[in-house]
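What follows is one chain in structure tokens, specifically the form predicted alone.
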């Protein structure tokens, strides 16, 4: 089981914290500001009902939502230090760890009572008070029941199932570099399975991808419409789609994790009282019940709220099996956040056609072996699998500050630094060569009789 490393081993963010406590706590004693600016990766289906409820509770305050994917939101907060938004609101705890490390969040201790201390084995709130959990999230597989029946596909239960040849071109995912929730899913698989085995599994599943979307919402939309049959998603996408009448189901694999979705006040926020009040509303009975809206379907962190949940709704406070196999290590994830995003893109997103061709050849050769065994063919197929499953960096290297520290978010107007570009070029070369060799070996095996 992966353990959470105590924060005391890292640099404590003392500078911005002490100065931020007093104005934030003043939210209950002073009138709120008339404006609140929130950067979020959440869709409107989630943000709109909550913002409307907050504005009804505080009619003098207008909320402005700025929607960005998680990686872009972190970059935006970094770049607007002199005139920042007031809040960050997103699912990914490792993104909040990045902001905390960069001294871009300020402390706030909620006054709400009745909130669980942990979801599974994971603390609901940051122990140092820099961000707050308002909901819980798990990661798994969403599938379209009509699509599976029409294509005679079995119902998946585990991540390993998605690597089976029967699912070729039926699975979708979003790129972790564009989706904080997908980043967490990928990191969960790597932590739960181990670095090398986890990457071997991700690459085998990648051989079955119909698409790698550039936005989180693209995957559930595609599964809902039947563009493809299965998607790797955060739980609320599947639960909300089902509650809204789509012919879909959602399953948590045994290797998953439950982590809090978070909200935090940005350092230097110009509307700290309104920000504090927004956190208190999210944690209130009213705010928690909004999470059960059929278009939202998030797991509340107030255990009493589950009494109002629909039948069959997951309850992490009564179902000990949810996330039981893994305690997510957010510090490990934070340490290699940008490196992991880039590595996934270099091995899968940008090399998808070559990866799929390699695995298609492997599956074809294995199908032939099932019909007629051949020792030399088996040897070649084993070599092909090893090539298609390899990763060009060890886990120790992925956590080495000298390597991971070279990676930063890139944009069209700000290309990668020289060190990052050098490493990425090496990974590109590695992927192209390995996939081409895997395909060659598998095709050679298929020619043997």
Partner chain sequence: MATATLAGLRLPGLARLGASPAQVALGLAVAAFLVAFLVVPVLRVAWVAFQGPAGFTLVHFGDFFASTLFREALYNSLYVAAMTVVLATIIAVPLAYFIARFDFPGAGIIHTLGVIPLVMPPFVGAIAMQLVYGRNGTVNLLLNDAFGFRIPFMEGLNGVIFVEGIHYFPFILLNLSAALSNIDSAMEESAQNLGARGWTLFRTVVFPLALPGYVAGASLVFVKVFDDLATPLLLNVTAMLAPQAYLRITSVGLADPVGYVISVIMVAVSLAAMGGAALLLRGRDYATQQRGGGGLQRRRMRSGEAAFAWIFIAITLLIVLSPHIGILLLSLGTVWSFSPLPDGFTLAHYGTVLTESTRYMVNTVLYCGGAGLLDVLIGIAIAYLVQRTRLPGRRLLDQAATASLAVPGLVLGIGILRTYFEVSVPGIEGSLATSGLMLTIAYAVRRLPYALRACDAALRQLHVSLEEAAEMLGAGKLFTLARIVVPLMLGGIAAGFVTAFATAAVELSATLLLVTRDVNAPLSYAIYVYMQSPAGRGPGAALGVIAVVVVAVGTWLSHRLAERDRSRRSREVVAA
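Positions refer to the first chain, counted from 1. Not measured: the values here are computed from a predicted model.
There is another form of the same protein, the form predicted in complex with the partner chain; it is not shown, and what comes next is about it.
Whether 71, 226 and 350 jointly form a contact site for the partner chain in the predicted complex is the question; each needs a heavy atom within 4.5 Å. Yes: 71, 226 and 350 each sit within 4.5 Å of the partner chain in the predicted complex.
Since only the chain is shown here, I'm wondering whether residue 254 would be in contact with the partner chain in the predicted complex (any heavy atom pair within 4.5 Å). Heavy-atom contact with the partner chain at 4.5 Å: absent for residue 254.
Heavy atom to heavy atom, is residue 82 within 4.5 Å of the partner chain in the predicted complex? Output for residue 82 is yes: heavy atoms within 4.5 Å of the partner chain.
Please tell me whether any heavy atom belonging to residue 428 falls inside 4.5 Å of a heavy atom of the partner chain, as the geometry stands in the predicted complex. Answer yes; at least one heavy atom of residue 428 falls within 4.5 Å of the partner chain in the predicted complex.
Considering non-hydrogen atoms and a 4.5 Å limit, does the partner chain approach residue 211 in the predicted complex? Residue 211: contacts the partner chain in the predicted complex.
The partner chain: the contacting residue among 45, 383, 55, 400 in the predicted complex [heavy atom, 4.5 Å]: If I apply the 4.5 Å criterion carefully, the residue I get is 45.
Could you check which residue among 202, 277, 98, 343 gets a heavy atom within 4.5 Å of the partner chain in the predicted complex? When the partner chain is considered in the predicted complex, the option within 4.5 Å is 98.
Can you check 279 to 287, 257 to 265, 172 to 180, 127 to 135 and let me know which stretch has heavy atoms within 4.5 Å of the partner chain in the predicted complex? It is the stretch 172 to 180.
Scan 139 to 177 and note down the residues that get a heavy atom within 4.5 Å of the partner chain in the predicted complex; none is a fine answer too. Read in sequence order, the residues that approach the partner chain (within 4.5 Å, in the predicted complex) are 144, 146, 147, 150, 151, 169, 170, 177.
Pin down for me whether the residue 215-residue 94 Cα distance shrinks or grows in the predicted complex relative to this form (closer or farther, change of 3 Å or more). Closer together, by at least 3 Å.
Given a CA distance change of at least 3 Å, are residue 341 and residue 69 closer or farther in the predicted complex? The answer is farther, because the C-alphas of residue 341 and residue 69 separate from each other in the predicted complex by 3 Å or more.
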